[in-house]
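Taking the form predicted alone, here's one chain by itself in structure tokens.
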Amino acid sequence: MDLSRRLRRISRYWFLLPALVIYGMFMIYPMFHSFMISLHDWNGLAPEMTFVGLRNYVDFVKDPISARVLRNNLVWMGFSLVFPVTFGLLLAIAVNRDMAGKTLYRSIYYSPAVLPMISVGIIWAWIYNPMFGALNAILREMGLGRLTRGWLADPKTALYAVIATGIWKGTGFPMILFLAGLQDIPAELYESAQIDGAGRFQIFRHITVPLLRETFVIVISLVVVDSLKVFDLIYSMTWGGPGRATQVLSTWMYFNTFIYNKAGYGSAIAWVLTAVSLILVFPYIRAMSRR
């Protein structure tokens, strides 16, 4: 009897074997191979690599461009944590009420999230165009012509212009997650609070926010990771310019690996990006899970 039970327990793991093999081939092995490349000086084409140890990581720390690239990532993350999360929560509360056309409103607010990132970047690059873009045209019609500029060509505004596009694109997904969380909150709690004389802000603070704690964990974690690995918008709108003003870790990794033929240095940047993501996300998830 004991032997048959053991065999049944072991047989369960055989069902996991195909998934583990695929995961190992397409996730574990590439990660291990990428780390090995980061320890070498390699142009990505030569048959041999020169072992340099941690020199690529030391060069990243010493490179003045790295500080700017990391700063741009942190700025992007800060805006993403404030605006898409806040707007997504407010929109979810707005469309969670019983009102006419709420399905249509949900579809409209969520629609930017399903658009291809490259298409969004191209469309917004047209909007920001200094000659025939919609933004400058609107400013001129409003008598604010002095504010017009080449939004993506000015180092002072390029990063924030791309971030604004990212906010427009990234608000819909948090809204859907918050909406799912709101629909799991029992309506009786709101009714009891209203009977006790609680106002809207008190209900929001003491009922809605605490019961959305798990949703906040998911939303904030995804926003942090997405803001660190942002690539498509910057690649399609500014290509990291002007003067590296919009360069971030993922694009800087791409440029070094495929444009400058420094695959070892690019792999090191990729692992720095992975380490930063884990450092920022893991403690938050762990703390919130304990609470």
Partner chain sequence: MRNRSLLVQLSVCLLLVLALSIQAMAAPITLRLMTVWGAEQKEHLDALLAEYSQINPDVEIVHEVMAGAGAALYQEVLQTGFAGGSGPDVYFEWAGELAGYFIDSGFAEPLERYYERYGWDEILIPWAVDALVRNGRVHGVPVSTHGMTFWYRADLMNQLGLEEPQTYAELEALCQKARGQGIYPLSLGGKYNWQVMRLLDFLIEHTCGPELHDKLNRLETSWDCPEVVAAYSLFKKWVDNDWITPGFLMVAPDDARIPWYQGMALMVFEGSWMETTLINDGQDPYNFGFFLNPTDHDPVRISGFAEQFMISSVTPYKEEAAEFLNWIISREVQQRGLGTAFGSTGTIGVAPDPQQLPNTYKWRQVLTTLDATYPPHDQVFQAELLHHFFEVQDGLVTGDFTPESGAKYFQKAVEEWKASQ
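Positions refer to the first chain, counted from 1. In this text, the rigid core denotes the largest set of C-alpha atoms whose superposition between the two forms falls within 1.5 Å. Just so it is clear, the structure is predicted and the values come from calculations on it, not from any experiment.
Another form exists, predicted together with its partner chain; not displayed. Remarks below refer to it.
Chemist: Using heavy atoms only and a 4.5 Å cut-off, determine which of Leu139, Met77, Ala153, Val85 is in contact with its partner chain in the predicted bound form.
Modeler: Checked against the cut-off, the match is Ala153.
Chemist: Classify Tyr160 as contacting or not contacting its partner chain in the predicted bound form by the rule of any non-hydrogen atom within 4.5 angstroms, answering yes or no.
Modeler: No, no contact at 4.5 Å.
Chemist: Does the 4.5 Å heavy atom contact test between Gly145 and its partner chain in the predicted bound form come out positive?
Modeler: No, Gly145 sits far enough from its partner chain in the predicted bound form that none of its heavy atoms falls within 4.5 Å.
Chemist: I'd like to know whether Ala46 contacts its partner chain in the predicted bound form, with contact meaning heavy atoms within 4.5 angstroms.
Modeler: Looking in the predicted bound form, residue contacts with its partner chain include Ala46, since a heavy atom lies within 4.5 Å.
Chemist: Can Lys262 be called a contact residue for its partner chain in the predicted bound form at 4.5 Å between heavy atoms?
Modeler: Lys262: yes, in contact with its partner chain in the predicted bound form.
Chemist: Suppose contact means any heavy atom within 4.5 Å; which members of 231 to 245 contact its partner chain in the predicted bound form?
Modeler: Residues within 4.5 Å: Tyr235, Ser236, Met237, Thr238, Trp239, Gly241, Pro242, Gly243, Arg244.
Chemist: Does the distance between the two CA positions of Ile22 reach 2 Å or more between this form and the one not shown, the core being superposed?
Modeler: Result for Ile22: yes, a 2 Å-plus shift.
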